[in-house]
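In structure tokens, the next block holds one chain alone, the form predicted alone.
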Amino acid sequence: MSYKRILTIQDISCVGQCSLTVALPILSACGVETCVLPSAVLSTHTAGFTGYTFRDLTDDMPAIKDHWVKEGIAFDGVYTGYLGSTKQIDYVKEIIAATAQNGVAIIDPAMADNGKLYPGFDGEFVEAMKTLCATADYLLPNLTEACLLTDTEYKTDYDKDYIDGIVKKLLALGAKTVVFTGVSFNEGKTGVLVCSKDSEQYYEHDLLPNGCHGTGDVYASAFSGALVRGKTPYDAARIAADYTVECIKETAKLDNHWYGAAFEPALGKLIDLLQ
């Protein structure tokens, strides 16, 4: 196996088990050289905490990109997560174009869940995110994000035709492969739909009764690491789903661990799944 290098661009939430504090260890556990570009530094994530600090790092991005170009640094993959502003989205597109010409762009449009946008985001951000998603080799939306990206009414009660219509619009947007998470067709089950213009595969697994913050970041990180390591898109989607389920199970063992997923105790399971 060749030694691959991936860049992940997202925020650092110092406490909260999400974004870079999740992506760096998970990608590293996948056996991939992991480089990072923080989009912002927060004292905690924004879900459930109040009064958090926020340091915007947008203005640092162009100089970092220019230095990498000067040094001839390139990446086999770029995986993006939470981005703090529409201006950052433009910079990210430039970074991908300049440093990953021969790599894959993995876009997690981390901006919404449960039918609503995260705090601080608005319609302008959604429109900007559409332009980034159009460049994706792999697009990883949840249902809320997929609806926002395609101007589709958000529903929790849906059928296969509803999901197929959203996927068709995401592919028309420009994404080459859609890895649609949290798609549920049967009671007590959920899964991941992996679609390109000429293929469709679905991986179903149990829907656990407890959820936790940060599982989207856990999933996207595990998928990106497995994909860049050489797994097929479907296998990467399956491995990431199984690992995320293990993280939720580990979290359920803990008292009052509401702010994130206990992904660390399950890292050994991820390594086993990759073998």
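All values reported here derive from a predicted model rather than from experimental measurement. Just count from 1 along the sequence shown to find any residue number.
Separately, the form predicted together with a small molecule exists; it is not shown, and the next lines address it.
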property: In the model of the complex, the residue from Phe180, Tyr138, Tyr82, Phe75 that sits within 4.5 Å of the small molecule by heavy atoms; result: Tyr82
property: Of Ala47, Leu208, Met61, Ala29, the one that lies within 4.5 Å of the small molecule in the model of the complex (heavy atoms); result: Ala47
property: Interface stretch in the model of the complex with the small molecule - options 66-74, 230-238, 38-46, 244-252, non-hydrogen atom within 4.5 Å; result: 38-46
property: Contact of Tyr118 with the small molecule in the model of the complex (heavy atom, 4.5 Å); result: yes
property: The small molecule in the model of the complex: contacted by all of Ser13, Ser19 and His213, heavy atom 4.5 Å; result: yes
